Structure formats: C-alpha cells, structure tokens
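To begin, one chain is listed below as structure tokens, in the form predicted on its own.
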C-alpha cells in the first residue's frame, strides 16, 4: 500500500489545482484519473467550445466594421475551424498535463478510484489494482455530467451532450438543442455559424437565471443567425429513426434533426466512488463547509462541481486553491484562516461569482441580479446604460448594440452585481468582479478613471447614472 499525505480523485483543472497547492505546501500527493488528465474543461467543454465559437465570431465581427467587410470574399472554412479546435485539445492527448504533474512531483495513478474506508482509495487500472492510503486527506474532484431528462425515448435516442458536441469532427446538417442555458446558447451560436440548421427548445426561455434583458438579447442574436427558438415548449417523446431524431412536442408537432444536443443541467459524478464505505450516499452532491470539507468527515474534501456550490471551472479552481492550502495547513498544524474572505475559504461562491456566456452577443455577469438582491433583503438601486452610447463600443463595431446594468446597495453604496451584454463584454467583467468582491465604495470608484476611448468608459456612465455618492462610508472586506 502506497502512502501519501493527500490523495486527489479526479485530475481535471480542480483536482490539478488542489494537488498543486498541497504539494507547494510541502505535502506528498497522488492524483487518480480514469480519463484524461486535464479533465472535461480542457477536452470537452470550456476550451473546445470557445475554439468552435471563435472562427465564425471573428468573421461576423469583421463583417460589422466598414472597410473590413469589403475585404471579405470567402465563407467560413468549417474543416479548418474543427482542425483548429483539435489543435487546442491536442487531439485528445493529455501528455502535456501528465508531464506537468511529473515536473511538480505529483504521482499519477490511471484508473477508477474508489474509497474503501477512511483515508483509503483503491485504484483499478489497466495494470491491476493499486491500494493507496492518505495520512491526512482525500479530495473528491470528480466534477459533474450532463443530465439526461426523463423523457420517453430520450436515452435510447443517444443524444449528444456537451462532450459529443465539442468533439464532433463534422457539422450535422441540422441540430435540435434541448435547453436554454449557457451550453444551449453557446453551441447554438457555434453550429449556426457552421451553417447547421439549429432549433432550440427552451422550456423557460434563454438564460432564465440572469437579468431578463440578457436572455432577450441572446434570443435576438440567435434568431439573427437563423436559429429557430421555440419557447415555451415541452418535449414529450424522442425517437431516433433512419432519417434522424424525432422530437414530439406538447403542441402535437414534431421536429426532426440529424442530431439532438441535451443541455438541461448537470448531475454529480459521485456514484461508484465507494462513498457508502464511509457512510455517505453515492450519486449525490456532497455537502461541504466553507473550507470545502465534507460535513461530518474531517479527512474528506469535495471540491468543484461535486459540491454543487458553483458549477463553473474558474470557481472550482478558486475553491481548489483554498482547499489545497487548508489541507496543507491542517496537516502541519498551522492556523486555519476560515473567516469570510480568508485564505482557506471560498467566500466568493456566495455572492461574487463571475460568469460569461460566449454567445453573440456575449453575456458577462458577476454578483447578484436586481431580483436576487431584493430577495436577499437589500435596498437596491438599479442603474441601466445603453452600451452603444460608449465611444469605445461605437468604434468597436458599426451599429454596436449592448446593455449594462449595475445593482447597488443603497445603504452601503457598494456594487452588488453587474450584468453586461454585447460583443466582447467578457473583457470588461473582471473590473466589475473586483468592484463587487472588494466592496469598493461608489465614492472611491469615481476616482478609477477609465481610459478614453475604451469600452471601460461604461463605468463612468454607470456612476453618473447613480449620481454623486453621499459622504464616504467606512467599509471593510470582512
């Protein structure tokens, strides 16, 4: 039996970061992975999806600038776009990530990991089983998988999930997408750019958890690309036949598409991990405290999607840094900084999560929507601004269209949330994230002068919309 200070199950971005931070803290670390080191984000989600989006996006943006559009004579090269995607995922080979693990002194065990008791993991690999024991901690970083809705015939129809959609080697002639969230918005945008006939079946509209104007803008953008959006709509049956996938709708109509993509939520990948051996029901989300430790088990951690706090790669990596550091601190008997915004907690998970939907237009969000803030008992003021009136946006594209919203806590005069809609607004988001996380008072933001002429001048317009703040209010980050 090999013994390590920490055993990490799952070598996606989250598991890699937990392992790295613990190793930097002086612990010996083993990582267990049954698929590719680098995980879904690197090979079947964040990276390949953005690579699929970029080529058509660049072409469309060039068409929106007079002088550039006249120089464009060709159409999108779909095979070249797919080849570029293949390059970004290294043809689904993980040698680079494996080399990195070796370079930082982390041992890799390939195979399926199962917890067999407190601090014990059995790895069933192609070369036989390996028994591992952790001196201090085991971290579950196994992520999540696509939810396949319980609709008659859905499973048998072999629908695409994000994995198949981001790894496809050709564009289908037609694609039906079930769902209205980020996956649906992004992949509808990508495949419409390839010339695929796309139909989106969104039961509750697009991006329903965001500010209403965000979903409305994305719907307009998709329709402009030729996407047929059906909402509200119910799918009551699915069948794959020789001519494609048949979707029976609640209104009695039928849609036929070459492929069906399901983007309707996520489920935890915690089944078949042996959690029952330590008194935890497998297949459920794992409930953790603020230091990412599974409640009731001082040696077990769940980091990233597995804990269902925030299903975002960047937020999982943020959690991973806190978890790796706190595991090392506890192993060495050092002080644990577990107060809000401390080194060893993931406070931002609650009210300062950044999220980008890479549709056209993009949607970039951080913090609370106006409705969420009011439901949290805040006295808020909402400031809206038309992004097309910002000089930097006008220069960016002819006929630029966009919208921004700032949600302010009137009692403390700090920003609670920002929503941005428009082309390339993702690059504006981090400034908003800093304002929300840092609880920067409005009176101080007036002194953060945006360069002219950039899209960041939006901040000046939002502050003008709020009006001159009251006297300086003492604030603290904790």
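Positions refer to the first chain, counted from 1. Please read these numbers as outputs of a predicted model, since none were measured by experiment.
What comes next is about the form predicted together with a small molecule, which does not appear here.
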Q: With the small molecule left out here, work out from 436 to 444, 59 to 67, 25 to 33, 422 to 430 which stretch has heavy atoms within 4.5 Å of it in the model of the complex.
A: 25 to 33
Q: May I ask whether 144, 311 and 314 all come within 4.5 angstroms of the small molecule in the model of the complex, judged by heavy atoms?
A: yes
Q. Does residue 84 reach the small molecule in the model of the complex, with heavy atoms at most 4.5 Å apart?
A. no
(Q) My question is simply whether residue 46 lines the interface with the small molecule in the model of the complex - judged by any non-hydrogen atom within 4.5 Å. (A) yes
Q) Does the small molecule come within 4.5 Å of any heavy atom of residue 54 in the model of the complex? A) no
Q: Verify the contact flag for residue 50: yes if a non-hydrogen atom of it lies within 4.5 Å of a non-hydrogen atom of the small molecule in the model of the complex, no if not.
A: yes
Q) Quick one: of 111, 153, 195, 208, which gets a non-hydrogen atom within 4.5 angstroms of the small molecule in the model of the complex? A) 111
**Q.** Residue among 328, 373, 183, 345 with a heavy atom within 4.5 Å of the small molecule in the model of the complex
**A.** 183
